[in-house]
Ligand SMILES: Nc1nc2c(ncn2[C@@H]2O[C@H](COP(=O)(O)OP(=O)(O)O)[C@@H](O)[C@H]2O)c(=O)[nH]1
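Before any questions on binding or motion, here is one chain by itself as structure tokens, the form predicted on its own.
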């Protein structure tokens, strides 16, 4: 989703910069001219590597203010918008100071009258540039981790009509998404199988629809939810045109029907404007006499009828 290059750490950036600078050689009319030209090029080469490398990171991370509300808040939940902005600002500060040191040093070298002065200027510049890079060591570590996290974000098109599958853990959401869409999520018989939001697509009469499998929600207040649960909340809040709430009346999911109904009530109060289709899953184990739609995600029974209901909600009116 986000094409962000691998973030080098401070020592790696400096090693890359000074290693390249060490290979620079220039000749001049005199020995002094040669030393001057070589060292000016060393300063320019090393500073260019540092400034360009950090600049590439600053440009590669997306502008949070221009992102969709879903991605903006997903970054805030998983990474922290403010911390990301501060770290990118710190890199801009660091690269700006490195560029300033390089400009001043090359001017001083051009005016230097002997080789000893040039050597001293080079060593001082290397020390100052290293200091500015090392001052953002923690920020580079943070950005490296942020990059790894953001690369796992699902590719979601907010313009495509979207159904979100919600419910308590282990009620069969991933299995249902696998029945409906192109996504075949990992399915297991223990809670919290779905660690990330996954996105599938299905088509009907040449129209394309998105279906999103969210991490299991627990029956507790929204402000007490963990990061994984908040991702599901974000999907519901910003992406859903319709919600499929999956219940397991057999309670083999590990949650009572009362707990699941409490969660449903909670969702209705928080997202009252979003249509909710209530679906009872695992009808191969238990069938109730309620008016809810009945399906078995494991056998596929009732799934075509559910897809018809989704299309009725999602298709252009």
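Basically, rigid core = biggest C-alpha set you can superpose within 1.5 Å across the two forms. Here the structure is a predicted model, which means the values were calculated and not measured. Positions refer to the first chain, counted from 1.
The protein also exists as the form predicted in complex with this ligand; that form is not presented, and the subsequent description refers to it.
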item: 4.5 angstroms heavy atom contact with this ligand in the predicted complex for residue 163; value: no
item: Partner contact for residue 168 in the predicted complex: this ligand, 4.5 angstroms, heavy atom; value: yes
item: In the predicted complex, residue 285 touching this ligand (heavy atom, 4.5 Å); value: yes
item: Heavy atom of residue 17 within 4.5 Å of this ligand in the predicted complex; value: no
item: Residue stretch of 173-181, 225-233, 203-211, 149-157 approaching this ligand in the predicted complex, non-hydrogen atom distance within 4.5 Å; value: 173-181
item: Option touching this ligand, based on a heavy atom within 4.5 Å in the predicted complex, out of 47, 39, 281, 260; value: 281
item: Heavy atom within 4.5 Å of this ligand in the predicted complex - qualifying residues of 283-316; value: 284, 285, 296, 297, 298
item: Large Cα move at residue 9 between this form and the one not shown, threshold 2 Å, rigid core; value: no
item: Core-aligned C-alpha movement of residue 41 between this form and the one not shown reaching 2 Å; value: no
item: After fitting the core, residue 50 CA displacement of 2 Å or more between this form and the one not shown; value: no
